[in-house]
Ligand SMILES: N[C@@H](CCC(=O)N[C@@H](CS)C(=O)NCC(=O)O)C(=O)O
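For reference, the chain that follows is the form predicted on its own, supplied as structure tokens.
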């Protein structure tokens, strides 16, 4: 059975959402990054970078959340079509999320909640960039339900996880109606509801799966 090592993080949420959407059976193994468990020798043997999430599937170990999403989608044949354009669009958004959205939003999180020495200029700077990223997503979602037209896919999951943190990060969707509509649609999906509830209820601290 596939093993999913994670914690209450944006990137772990992506993987749980995908697992619940695809119906792939798995065991969840919490790695408490607040206590430094990602640095112990057992976990470092799985991922020398010392980051969650990680999956282990029949001896195949994979890190990096977007790579895991693509692996799971292919494994379950979910959200992928025979169209080369579909795959290209998904890959484009996965790369964009990893290279742009994730780092931008991560900097906002750092300067708003983690940094020991606050820096108002840095926070303002990265909030502005993150807000521009939201506007870019908003333009793409004009007249279409999801990132790949009407096909809900791992591309949507990848970008939703950070968009879901907008209120917490002091970012706004007030002017970005397409993103707000898209985000709300994803929030109402049964898999998303279960994934968010799983982490919100802190059941992450025990080896337990969301109620099917």
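Keep in mind that this is a model prediction, so the values were computed, not measured. Positions refer to the first chain, counted from 1.
The form predicted together with the ligand exists for this protein as well; it is not shown, and the discussion that follows is about that form.
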| query | finding |
| --- | --- |
| The ligand contact in the model of the complex: residue 183, any heavy atom under 4.5 Å | no |
| 4.5 Å heavy atom contact, residue 192 to the ligand in the model of the complex | no |
| 4.5 Å heavy atom contact, residue 39 to the ligand in the model of the complex | yes |
| In the model of the complex, residue 9 touching the ligand (heavy atom, 4.5 Å) | yes |
| Listed range touching the ligand, judged in the model of the complex by heavy atoms within 4.5 Å, from 168-176, 144-152, 59-67, 22-30 | 59-67 |
| Within 24-53, the residues that have a heavy atom no more than 4.5 Å from the ligand in the model of the complex | 33, 38, 39, 50, 51, 52, 53 |
